[in-house]
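Quick setup: one chain, the form predicted alone, written in structure tokens, and binding and motion questions come after.
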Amino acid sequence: MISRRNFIRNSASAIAAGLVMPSILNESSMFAHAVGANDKINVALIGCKSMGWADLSDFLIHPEVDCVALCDIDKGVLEGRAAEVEKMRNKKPVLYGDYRKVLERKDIDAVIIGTPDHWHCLPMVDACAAGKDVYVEKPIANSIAECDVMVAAAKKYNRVVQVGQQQRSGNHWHEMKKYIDSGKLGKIARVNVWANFNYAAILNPVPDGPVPAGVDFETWLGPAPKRTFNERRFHGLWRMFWDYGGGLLTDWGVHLLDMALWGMNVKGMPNRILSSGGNFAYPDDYAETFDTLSVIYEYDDFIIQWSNVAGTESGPYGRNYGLEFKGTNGTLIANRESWEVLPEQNKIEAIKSMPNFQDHKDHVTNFLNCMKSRDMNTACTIDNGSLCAKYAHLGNISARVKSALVYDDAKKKFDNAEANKLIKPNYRKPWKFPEL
């Protein structure tokens, strides 16, 4: 009887050789039985510094998971994380600077992608083509076109994909959703979403300088335009530059808009998007993304509204980030710390509910269970990750072109020529936009 491990290795080899089309490897044929105590799942981490490491740490809570490879463009980060894995598991993973070398390995079952946003698409598509399952951080991509090709890759190659929007696995978010669905709030006419964080304002720019020792900056740039090195555009701070990220709207907005869309049962695009933004709070801000931004997503009978002021950490109801579902019977306020209901003229009961703070661990567990059962319906599917990322990009694009927009997701175009130029990035050679 062929083992699960050998089947995966043989299948991956056949795919790589062009002998088997991945689409014929149906979902029930792989991981067809529960993983036993001695049946390991080998994972590799691509992008090791921040959220990628947090992801891997929760993978390694599971005894059946082994980390066999780490990949990063910063040798200092790479060696440091390798030492931590070795301390946890008494075995050092193999280290790589090129993700493509990782994907050549036949013994890897899944990859975790924790790179900057502009580096999500290529490794994810290539991993799917190589027969790997994927846990990819949010937002799934730095453009609308990349979202679409990533969804297509997951479906073409029949891969299990979990997007790192871990609130989908949070107990109190599920309680919130159940309460909203009960109708007790009455007619919800507006959902307010906000996030105000100091880190999103880069207030002390420094001159460009030499690339730090051990950093492969050319590979870090990848498909993005050629630029000189600046430490204020690098680790973590890259989120505030359009070539690599989309500011608070693509960082926190993806998480929080996910809950707004989920609560309102939205599965598609809004009727219209109206945005306004700029660097108003800190005019000398080094960031390209907007420190001040307002976005309205219009629907037939309600609106969802986003706002942020980077460089501040206060907000409605004493929360610097959160959501407000405004109903005719009461208002529901939620963030990761709690959700509560404030009655409108005593029409409903006041409620406050606290989380168990296990959402990220539960999210990883869900992915591993789906790998074993070949269930494509992970807690946050690639389709849902795409939807939320697109919403963030829609808001940013509207503000960047200074126009209200209508986006046709079937035709993949806006009603605005300037906005259409921002749908798909121009990859810098030798990198090529994925074609399936």
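Small disclaimer: the values here were computed from a predicted structure and weren't measured. All residue numbers refer to positions in the sequence shown, first residue = 1.
Beyond what is shown, the protein has a form predicted in complex with a small molecule; the following relates to that form.
Stretch 115-123 is the contacting one of 187-195, 306-314, 115-123, 204-212, since its residues have non-hydrogen atoms within 4.5 Å of the small molecule in the predicted complex. For the chain shown alone, G385 is not a contact residue for the small molecule in the predicted complex, no non-hydrogen atom being within 4.5 angstroms.
Mapping the unseen interface onto this chain, A287 falls outside it, with no heavy atom inside 4.5 Å of the small molecule in the predicted complex. In the predicted complex, the small molecule sits within 4.5 Å of a heavy atom belonging to D72.
The shortest heavy atom separation between W242 and the small molecule in the predicted complex exceeds 4.5 Å.
In the predicted complex, no residue of the candidate spot (D58, G170 and F357) has a heavy atom lying within 4.5 Å of the small molecule. A heavy atom within 4.5 Å of the small molecule in the predicted complex is found for one listed residue only; from M51, M376, V406, V401, this is M51. When you look in the predicted complex, the only residue of G318, P283, G183, G236 with a non-hydrogen atom within 4.5 Å of the small molecule is G236.
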